[in-house]
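Quick setup: one chain, the form predicted alone, written in structure tokens, and binding and motion questions come after.
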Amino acid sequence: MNVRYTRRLLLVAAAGAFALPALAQAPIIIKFSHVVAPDTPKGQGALKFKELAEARTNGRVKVEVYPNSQLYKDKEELEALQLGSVQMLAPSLAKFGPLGVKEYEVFDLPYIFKDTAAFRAVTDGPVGAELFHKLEAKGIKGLAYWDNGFHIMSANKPLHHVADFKGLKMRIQSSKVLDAQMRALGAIPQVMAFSELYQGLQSGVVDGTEGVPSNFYTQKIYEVQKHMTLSYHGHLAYAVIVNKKFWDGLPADIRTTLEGAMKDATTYANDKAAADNADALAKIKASGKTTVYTPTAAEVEEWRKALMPVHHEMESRVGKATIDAVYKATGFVAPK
């Protein structure tokens, strides 16, 4: 072996030795995409996760948050996650039915949760864990459930009685349960992306919608709807999910750290949701741009009776066993 060749080998080895630490320092990128504004509970939860994940991994992980459908709209984001174009999402639970995991549509059943405690009894218990397990066959790992409170109804006419819905074009997410819900009320369901909702209401493509106060406020829905009813008939929640192949490929210590960051971000997001929804409702009322109505107990019972057939209708789709498991966890009592 001549001297020149030996020197060349030493230079290559030295270059490699310097390159390894540089490569090791390159952060793991997590693209976290969602469809709502940064100042919503979901948006704030995503930013809190970014903050905690980056701090606790000492920069080994970088979380890039893309709000307001900057990367993908409702119908596109799950496919993007499965393909690995993004690593993390927080879609509403209604999104998993069209993906083929129809059991998730149990969360869309009207009046199935009497309060937040009933909802948490499901997501924090065996039912929530089993539903996450069902996502893994789709290449998706469930990390956390984020609660965003109860739905209210809005339209450009008062919605006090079931008869008031007759013929109204009501925007829904893509969910067979929500479709059946609106039809049971006499309305005409219209699937529409959340990013298109304001314009759809403003132009009259749809007459009304359902949603939580924080989204109504941040997306200025209250400016294009004259009436809102505090029906609290449905519940909005998200599943924070990650591409399973990406997650399984992370170093074990990084995964553990990120799980801890997600747990704390979840507590933050849930607390933020409760506070923000109360604050948003107060601001909507103060704006004077829409009339906010609290239904009587008799009116609520009228809605519940009209909507209860949806539970039975969806047994073949959602699965009677899943519905019964939620009934048991929540102590659900059907209207008389």
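In this text, residue numbers run from 1 along the sequence as written. Model, not experiment: these values are computed from the prediction.
As for the form predicted together with (2S)-2-hydroxybutanedioic acid (LMR), it is not shown, yet the points below apply to it.
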With the partner left out here, check for me: in the model of the complex, does some heavy atom of residue 92 sit within 4.5 Å of (2S)-2-hydroxybutanedioic acid (LMR)? yes
Any chance residue 171 has a heavy atom within 4.5 Å of (2S)-2-hydroxybutanedioic acid (LMR) in the model of the complex? yes
According to a 4.5 angstroms non-hydrogen atom cut-off, is residue 46 in contact with (2S)-2-hydroxybutanedioic acid (LMR) in the model of the complex? no
Using a 4.5 angstroms cut-off on non-hydrogen atoms, would residue 96 count as touching (2S)-2-hydroxybutanedioic acid (LMR) in the model of the complex? no
(2S)-2-hydroxybutanedioic acid (LMR): the contacting residue among 119, 238, 104, 111 in the model of the complex [heavy atom, 4.5 Å]: 238
Partner-free chain; cross-checking (2S)-2-hydroxybutanedioic acid (LMR) in the model of the complex, the single residue of 247, 232, 194, 132 with a heavy atom within 4.5 Å is 194
Please identify, from 48-56, 307-315, 33-41, 270-278, the stretch that has a heavy atom within 4.5 Å of (2S)-2-hydroxybutanedioic acid (LMR) in the model of the complex. 33-41
Residues within 4.5 Å of (2S)-2-hydroxybutanedioic acid (LMR) in the model of the complex, restricted to 198-224 and counted by heavy atom: 215
